[in-house]
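In the form predicted alone, a lone chain appears below as structure tokens.
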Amino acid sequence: MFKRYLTAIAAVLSLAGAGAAQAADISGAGATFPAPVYAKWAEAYQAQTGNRLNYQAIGSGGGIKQIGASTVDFGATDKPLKPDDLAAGGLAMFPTVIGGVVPVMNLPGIKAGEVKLTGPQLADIYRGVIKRWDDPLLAKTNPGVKLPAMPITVVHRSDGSGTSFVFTTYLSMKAAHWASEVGANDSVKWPTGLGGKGNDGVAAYVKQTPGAIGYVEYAYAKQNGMTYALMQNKAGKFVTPDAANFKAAAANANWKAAPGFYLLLLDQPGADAWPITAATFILVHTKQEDAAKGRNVLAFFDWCYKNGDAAAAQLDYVPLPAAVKDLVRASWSKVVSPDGKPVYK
């Protein structure tokens, strides 16, 4: 079922029937984190307008490269670019939805939400220091849970990934050893484990490997019926990954004070806040060689802001507040045609 979400865009966007030449087709590439909701939005957008989106979920690193090379109309990334990097690339950036990165496991006899993990424990698992599920440190955090006596197989992303950036930034915040030995980026030198391409690749490896642990955007965990861990948040509470707790993490987000919309939502205060929460972003050139293409990209995302909240919520993403959408729309005045006029009003 889940692969339908990942392939829906390509299926929906193939040329079909008379009048295809008049359709306002746009292309994008990048993050796999938001791919399920972008597929849903594209399907509904085409049904309502006849316009098509061709989105390739190749990872945030690929999306940044492709928009930099102008081979797509927009790039998508979970790793926000800092204002200086945006300026250097002639890019504008804006958020679309908020979601959560979730540790998922393949543990015989263990149900979703039965295992609790802290940030430092998760870092030590990914460092290869905690090697077994029945390690005394994990047992101490999980009294009454019969953790299996089996080795841990770590699964991580093999591609340049904004999800990895979010995950490794969180680990760096919670564990000094991780920060000094591995660090935070969209691509790091992993101390141990197997690499999967995309959120779907990591999910597939975990599902087929008993004893495995990986990290994926929550929609992938939900659609694949995967076992997830509860995480200890900044308030010391072990919380469930769900839209309500992603929203709790984003409650204090001050987008108005975020230059270029650069904002991280990791390890936020609040009793219910999911600690590995993140926004995902779109990149477009501020100077559009083809004004019609630029207008069509922004028109698509404006339509999604107006009509896409229900679809996002169904997949456990958190839609942006109306005030943030208004800030984004105002920022689009910087996206201009060759004559210097805004491409979309």
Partner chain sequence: MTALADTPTTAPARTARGVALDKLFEALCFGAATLLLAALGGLVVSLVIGGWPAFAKFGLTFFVSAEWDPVQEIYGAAGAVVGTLVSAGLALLFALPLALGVAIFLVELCPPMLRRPIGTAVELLAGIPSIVYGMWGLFAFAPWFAKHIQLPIMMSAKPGTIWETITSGVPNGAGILTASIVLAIMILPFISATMRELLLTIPAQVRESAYGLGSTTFEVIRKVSLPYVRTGAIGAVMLGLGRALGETMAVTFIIGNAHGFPTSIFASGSTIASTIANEFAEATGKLHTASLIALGLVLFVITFTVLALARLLIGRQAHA
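What you are looking at is a predicted structure, and each value in this text was computed from that prediction instead of being measured. Numbering follows the first chain given and starts at 1.
The next section is about a form of this same protein that is not shown, the form predicted together with its partner chain.
Taken together, I58, K197 and Y205 are fully in contact with its partner chain in the model of the complex: each brings a heavy atom within 4.5 Å. Of the listed positions (Q232, S187, T141, T240), a single one reaches within 4.5 angstroms of its partner chain by any non-hydrogen atom in the model of the complex, namely S187. The contact residue chosen from R52, K40, K65, K293 relative to its partner chain in the model of the complex is K65, the criterion being a non-hydrogen atom within 4.5 angstroms. Remark: G193 counts among the residues lining its partner chain in the model of the complex, judged by a heavy atom distance of 4.5 Å or less. Remark: G89 does not count among the residues lining its partner chain in the model of the complex, judged by a heavy atom distance of 4.5 Å or less.
Of the heavy atoms in P269, none are within 4.5 Å of its partner chain in the model of the complex. Interface residue remark: T118 is not counted as part of the site for its partner chain in the model of the complex, having no heavy atom within 4.5 Å.
Residues placing heavy atoms within 4.5 Å of its partner chain in the model of the complex fall in a single listed stretch, namely 159-167, out of 159-167, 243-251, 127-135, 94-102.
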